[in-house]
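Presented as structure tokens, the chain that follows is alone, the form predicted on its own.
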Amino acid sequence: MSAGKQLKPTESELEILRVLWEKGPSTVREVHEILEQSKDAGYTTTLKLMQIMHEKGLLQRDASSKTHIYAAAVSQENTQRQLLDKMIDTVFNGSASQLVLQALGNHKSSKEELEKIKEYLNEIEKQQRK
């Protein structure tokens, strides 16, 4: 992956990345078994997607043993930031506040979540004043 190149994972690739972010380095079979719990996923399809993801630079592959072990080559935080920035620009005309209002309007947040949101917004505001 070249420096500064932004990868845009597909929805299926994001599902695989989510498994690897949560579980850590895993075999194709382990990833496939987790994916199968929430949707119909063929083993061969999972294998091919993971191979493509490796070629794209989204996954690292340890081929030192008979069973290959895959790990996410991109961080969850960077991927979220990249996709969120694109969504804010394209769906919400660059308005992060519109995104937040839409998200909060469609989701019942706990008191703890709302408190974290307030803290985060206060922190952003402080940083922007500097």
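It should be emphasised that the depicted structure is a prediction, and the values quoted were computed from it without experimental measurement. Quick note: we count residues from 1 along the sequence shown, nothing fancier. Here, rigid core means the biggest group of C-alpha atoms that superpose within 1.5 Å across both forms.
A second form of this protein, the form predicted in complex with another copy of the chain, is not displayed here; the remarks below concern that form.
In the predicted bound form, another copy of the chain sits beyond 4.5 Å of every heavy atom of residue 36. Within 4.5 Å of any heavy atom of another copy of the chain in the predicted bound form lies no heavy atom of residue 12. The closest non-hydrogen atom of residue 43 lies beyond 4.5 Å of another copy of the chain in the predicted bound form. Another copy of the chain is not drawn, but in the predicted bound form it has a heavy atom within 4.5 Å of residue 93.
From the list 52 to 60, 95 to 103, 24 to 32, 66 to 74, the contact stretch for another copy of the chain in the predicted bound form under a 4.5 Å heavy atom rule is 95 to 103. In the predicted bound form, the residues of 61 to 86 lying within 4.5 Å of another copy of the chain by at least one heavy atom are, in order, 76, 77, 80, 81, 83, 84, 85, 86. Superposed on the core, the two forms barely differ at residue 110: its CA moves less than 2 Å between this form and the one not shown. Once both forms are fitted on their rigid core, the CA atom of residue 14 lies less than 2 Å apart between this form and the one not shown.
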